[in-house]
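Shown next as structure tokens: one chain only, the form predicted alone.
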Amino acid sequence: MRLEVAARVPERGVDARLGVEPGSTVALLGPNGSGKSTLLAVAAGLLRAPDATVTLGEERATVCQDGRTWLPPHRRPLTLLTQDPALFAGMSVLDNVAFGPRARGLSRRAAREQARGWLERVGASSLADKPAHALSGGQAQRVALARALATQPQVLLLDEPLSALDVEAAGAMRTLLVDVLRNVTAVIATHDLLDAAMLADDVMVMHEGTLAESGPRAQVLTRPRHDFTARLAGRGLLRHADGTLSAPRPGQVRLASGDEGLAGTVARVEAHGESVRLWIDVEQGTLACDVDPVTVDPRLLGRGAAVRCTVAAGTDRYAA
């Protein structure tokens, strides 16, 4: 099922359009406050904006401009999963997952059988008889995903579903989603590059309430057109005199000595594994450079430090 959303929500500063082809996954990237959650809330029917249109397949679910068409959330063939599992605390895990099938009219036995199948698929069969309130964060999120999928949604909306999990639990969930998102129309709102790299066919980037750029995953992440997209992708962005752009990876940038390379100023310093990532403002744009904090001059690790850096020869250039 194709999903189209056009939402204008002035009080939240959002004016954006989203389109997802049947069976594909779109990563909706952007920092907190960029409008990702608002767009998904409009799609799910949880936010009734005065100027919004949601189309699910051939059916227009929401046309708030004239108020003539309104499909309530429970009648939309989609499911929204957020970072809050929102399980029914007084129910067992099995009954939580069986809730959707029961609501569709299945018998208790058939709904529970279907629920066991989804729990097995998400690797949570052993949790079936546990009360929902006794689960860890990672376990609860797996169960929430099983419950969402048990409703057999034609469209699945995922709003930062991994942000509340630790690294190990998030990795396990991401691997699971690679499998379950096949042949489901899905949108995953995230600010994590790894979510987009592993799960998405296409990427759309939100910035200050609008859609800034979009396209196939590899194109957007390796050939960004905006500084904020490049930063989300963990790259620098340079604008050259001939009008072309380049987005060197941190591994293509080295600190230099003497008069070699480009002069710049350290704008931000981030821990990055065992390295430190320097974000350096230069005349042509911004560069990212990973350095060893043990061997580099500590005076270069502070905001405002003057540095020089070189970019590896042959760094790809592309049209702006």
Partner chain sequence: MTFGAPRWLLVPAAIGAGLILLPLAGLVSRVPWAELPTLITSDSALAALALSARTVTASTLLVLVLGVPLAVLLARVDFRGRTLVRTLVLAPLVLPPVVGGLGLLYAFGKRGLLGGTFEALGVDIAFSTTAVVLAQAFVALPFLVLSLEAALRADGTRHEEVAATLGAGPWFTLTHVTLRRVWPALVSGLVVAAARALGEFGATLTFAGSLEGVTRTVPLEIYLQREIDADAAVALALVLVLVSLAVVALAYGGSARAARRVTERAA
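As the structure is a prediction and not an experimental result, all values here were calculated from the model. Numbering follows the first chain given and starts at 1.
FYI, the form predicted together with its partner chain isn't displayed, but the following is about it.
Although the partner is absent here, M91 is a contact residue: one of its heavy atoms lies within 4.5 angstroms of its partner chain in the model of the complex. Proximity of G100 to its partner chain in the model of the complex: non-hydrogen atoms within 4.5 Å are present.
Proximity of L78 to its partner chain in the model of the complex falls within the 4.5 Å heavy atom cutoff. Proximity of H74 to its partner chain in the model of the complex falls within the 4.5 Å heavy atom cutoff.
Note on contacts: among T229, S214, T151, Q154, the single residue with a heavy atom within 4.5 Å of its partner chain in the model of the complex is T151. With the partner omitted from this view, the residue of V269, A256, A263, L46 that lies near its partner chain in the model of the complex is L46 [heavy atom within 4.5 Å]. Contact annotation: its partner chain lies within 4.5 Å of heavy atoms from the stretch 142 to 150 in the model of the complex, the single such stretch among 197 to 205, 160 to 168, 181 to 189, 142 to 150.
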